[in-house]
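Encoded as structure tokens, the following chain is the form predicted alone, with no partner shown.
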Amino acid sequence: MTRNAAEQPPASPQTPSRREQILGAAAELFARYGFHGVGIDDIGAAVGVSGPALYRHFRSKDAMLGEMLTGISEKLLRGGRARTASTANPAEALESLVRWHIEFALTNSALITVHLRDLDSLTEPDRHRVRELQRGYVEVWVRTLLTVRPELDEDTARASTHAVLGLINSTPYSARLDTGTMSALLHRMAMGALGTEPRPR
């Protein structure tokens, strides 16, 4: 006898694909040892396959790094645009950007470490793509900040944006508190650096 929909067990969280598992393992290893300090066999061992078997998923270690860093850059830009589009209130949009980047930084410390340290190890096309996506993400912040604080000139708004992103991206090295406390601290510091007041929650 079949059960109706109300009787079905809750769906389990989606299992990462093998490709995602490989990228996750590679990110942790690159963050710990550096891109050039990790071999294909090391990544294979971390996911329980032989090194050569990884070539069924990625053509090279360079391709892994490229997909890893373009992927996070695309995710940030997509998330930033979605959050500013979801509200007509510029102050809410700016605070949503801050919370979005804090959430990303606190849950992706390995990826941030790899990005900060190994960006120059990308192939030229991948490096160009990442830079292009980063510029787009920064512009989302700059335009939102200028709407909230129209007295700022564009250079100051851009410098403020880079400073705040640098602050939040320091979490792989500075996070010594539990996630909730660190998130609240970063939020207060970021909003203060942008010259805006945090909205009560």
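Computed from a prediction, not measured in an experiment: that's the story for all the values here. A residue's number is simply how far along the shown sequence it sits, counting from 1.
Just so it is clear, the following notes concern the form predicted together with another copy of the chain, a form of the same protein that is not shown.
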- Decide if the three candidate residues Ser174, Met189 and Gly192 all line another copy of the chain in the model of the complex, where lining means a heavy atom within 4.5 Å. yes
- Only one of Pro150, Pro52, Gly37, Gly48 comes within 4.5 Å of another copy of the chain in the model of the complex by heavy atoms, so just point that one out. Gly37
- Message: Which is the contacting stretch out of 96 to 104, 117 to 125, 81 to 89, 67 to 75, given heavy atoms within 4.5 Å of another copy of the chain in the model of the complex?
- Response: 117 to 125
- If you check in the model of the complex, is Ser170 within 4.5 Å of another copy of the chain, heavy atoms only? yes
- Report yes if any heavy atom of Val164 sits within 4.5 Å of a heavy atom of another copy of the chain in the model of the complex; otherwise report no. yes
- Message: Considering non-hydrogen atoms and a 4.5 Å limit, does another copy of the chain approach Ala184 in the model of the complex?
- Response: no
- Message: How about Ser60 - does it come within 4.5 Å of another copy of the chain in the model of the complex, if we only consider non-hydrogen atoms?
- Response: no
- Which of the residues spanning 125 to 159 lie within 4.5 Å of another copy of the chain in the model of the complex, based on heavy atoms? Asp155, Thr156, Arg158, Ala159
